[in-house]
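Form predicted alone, single chain, as structure tokens, below.
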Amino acid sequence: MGPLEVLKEADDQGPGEMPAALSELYGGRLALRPPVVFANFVSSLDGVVRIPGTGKVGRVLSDDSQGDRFVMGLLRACADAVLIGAGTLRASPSSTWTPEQAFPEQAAAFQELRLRRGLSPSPRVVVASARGELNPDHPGLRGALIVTGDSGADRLPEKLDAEVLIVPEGPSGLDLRAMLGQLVRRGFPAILSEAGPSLTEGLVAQGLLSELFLTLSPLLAGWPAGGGRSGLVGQTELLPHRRVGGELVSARRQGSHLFLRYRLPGAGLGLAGGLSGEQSSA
């Protein structure tokens, strides 16, 4: 794989030293400002991110782009934790959400990056499951942190090689603000969300998603009636009554694929507010 072509890079990036091999491929450094929740999606040219019943949908949508797999691995390598939902867990029966699984060619460089930044050898997998109905044999659950409510905890399998964190439940599921606050307080200030549209729409609706990394594929997916396909915020209605806009931080290109990074202004305040509220009540 050759280096990504840098089309735009903001000047206000924080410290983000990376091994030379990763900097060369990415075209610079990737810096985060914790506490931060950042999501990674690949989208078809017509906005589809979810195709029910399709295995490895990310590879299908990206046309198995090496650049997309590299960026996915790099983002995981920069994260303290990778957040997924139970639906994503079921749809990825062999995934462990490690950097090297996404892009094994740079496994050693990913490890070096984490060592330089004082991170654990691998990001912690965090599975948000309101219902608690999980397959205990899934390899991604080994050593994972399962976040659920009281009702979901009662349904969890008995033999589970994972830690359980119980958070409050709201009218539409788990209290995401409380969940993120708990994760940051447990030492996971940089949280990468690889969850699907169902969880992402909650993060966006509550102003908890700080940044979005979006791979824009040149493929058209189509929206067949009744096909269950979805954009990245699922069924949430925003426009015309609510404007949620991103500020373009960086843009990179590999062939006809674009790798975009957006900052969602004001979203960090929502997260910080939740953290300060939890800390003051502790």
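Residue positions are given as counts along the sequence shown, with the first one as 1. Predicted, not measured: the structure shown is a model, and the values here were computed from it.
There is another form of this protein, the form predicted together with a small molecule, and it is not shown here; the text below is about that form.
Taking the partner from elsewhere, Asn40 is found to have a heavy atom lying within 4.5 Å of the small molecule in the model of the complex. In the model of the complex, the small molecule sits beyond 4.5 Å of every heavy atom of Leu160. Shown alone here, Ala91 lies within 4.5 Å of the small molecule in the model of the complex, counting heavy atoms only.
The small molecule in the model of the complex comes within 4.5 Å of no heavy atom belonging to Pro189. Taking Arg142, Arg131, Arg116, Arg185 one by one, only a single residue has any non-hydrogen atom within 4.5 Å of the small molecule in the model of the complex, and it is Arg131.
Proximity to the small molecule in the model of the complex, defined as a heavy atom within 4.5 Å, singles out one entry of Leu209, Leu74, Ala86, Val126, which is Ala86. Not one of Gly28, Leu45 and Leu260 comes within 4.5 Å of the small molecule in the model of the complex, counting any heavy atom. Stretch-level contact check against the small molecule in the model of the complex with heavy atoms at 4.5 Å: of 118 to 126, 74 to 82, 104 to 112, 189 to 197, the positive one is 189 to 197.
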